[in-house]
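Before any questions on binding or motion, here is one chain by itself as structure tokens, the form predicted on its own.
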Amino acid sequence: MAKGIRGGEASRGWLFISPALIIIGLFLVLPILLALWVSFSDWNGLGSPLSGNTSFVGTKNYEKLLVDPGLSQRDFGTSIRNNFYYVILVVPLQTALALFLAVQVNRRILKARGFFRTAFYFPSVTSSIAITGIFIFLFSASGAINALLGWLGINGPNWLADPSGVIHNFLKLFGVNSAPAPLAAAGPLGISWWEWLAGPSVAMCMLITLAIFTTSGTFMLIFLAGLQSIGSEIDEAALMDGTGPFRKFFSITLPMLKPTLFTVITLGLIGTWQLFDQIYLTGGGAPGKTLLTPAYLSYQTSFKGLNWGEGAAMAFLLFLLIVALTLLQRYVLRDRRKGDRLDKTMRREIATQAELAKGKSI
């Protein structure tokens, strides 16, 4: 009897999950497969991509972006460069700020912790359209930021219309106004090494500030959940062992937050490489294409240029880039046996003391 009951569980299980599988297959898997086919075709967006008017072109769309010199490759390279600087500045800063805020609001001696948690998280729930509009007002030529700088006797830049890179601006202070010969040569994706080293534009710095301001609250809550999962007996045992606050944080708390840190950095990478709505609202890549990103360029190429094959190819290249960076940061955050031996020994000793203290209290 038991065998017959167990034998029917599989079929009943498939029956229960079949609606979810059908929905996921129709609205997720099939569109992805269709987009993959489009990336290898010359579909122009008119009619069905499976009709006889669409032909298979192989890797031509990918070659235009990665290999063939031309406007498509240059625009794609420019978008990757812009987004690269956005990622390497936003992800570390928002992660560090979120962790700092989480540690502060997790302190028992802090009064009105609920108020501060709500205040820090509030920008994250605000509409990105609304908050981008506010930042455009603040950083416009006649906005509040330039007005404040004017009161201090400083002529503020026209943030949203300045395409110059901050690294180039810094080098101009030392008389470097043009590319040295070694850096003038063509670099990856059709743009020179000098352009790769331009740094984020002044306009992009405004979006970097916006991203850090609006996303740190969400990641603060994730870190806060990770901090609260660490038992209070761990902190008590560390104090009894004479461990200082900085030593305890870097040798005990932070290593125990590695899974949370991996989650936060992964979400940060995905979000920053998918930057779109702020670019759309600030002029679609202006000034001088220094705000152009792969996500917006894919939309522009597909919906405005009606070159859906090339736009889909950009989307899949962006997907592969995100996967590669996720695997890289997973490798970086792995447990290093030699380097973590001391910290593991200390955590094990403190955990043992915590268990003994807990047993004595019982």
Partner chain sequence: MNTKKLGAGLAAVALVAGLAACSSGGTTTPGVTTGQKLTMLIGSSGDAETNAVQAAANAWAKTSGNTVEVVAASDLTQQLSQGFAGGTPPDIFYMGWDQFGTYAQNKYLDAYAKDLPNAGDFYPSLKDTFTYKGTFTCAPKDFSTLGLIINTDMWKAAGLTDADYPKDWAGLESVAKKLTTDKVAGLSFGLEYARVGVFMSQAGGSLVSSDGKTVTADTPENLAGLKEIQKLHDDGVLKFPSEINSGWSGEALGKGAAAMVIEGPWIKGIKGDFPDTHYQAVELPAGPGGKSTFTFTNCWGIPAGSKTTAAAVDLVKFLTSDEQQLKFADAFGVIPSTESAAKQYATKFPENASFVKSNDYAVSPVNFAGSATVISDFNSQLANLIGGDAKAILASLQTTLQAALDQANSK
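No experiment lies behind these values; they were computed from the predicted model shown. Positions refer to the first chain, counted from 1.
What comes next is about the form predicted in complex with its partner chain, which does not appear here.
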Residue contact check: A181 to its partner chain in the model of the complex, 4.5 Å heavy atom: no
Taking its partner chain as it sits in the model of the complex, is Q329 in contact with it (heavy atom to heavy atom, 4.5 Å or less)? no
Counting only non-hydrogen atoms and a 4.5 angstroms cut-off, does H168 reach its partner chain in the model of the complex? no
I'd like to know whether G288 contacts its partner chain in the model of the complex, with contact meaning heavy atoms within 4.5 angstroms. yes
Residues in which of 236 to 244, 223 to 231, 67 to 75, 83 to 91 have heavy atoms within 4.5 Å of its partner chain in the model of the complex? 67 to 75
Partner-contacting position among T266, Q104, N158, T209 - heavy atom within 4.5 Å of its partner chain in the model of the complex: N158
Just to make sure I understand: among 42 to 64, which residues lie within 4.5 Å of its partner chain in the model of the complex, judging by heavy atoms? W43, N44, G45, L46, G47, S48, L50, K64
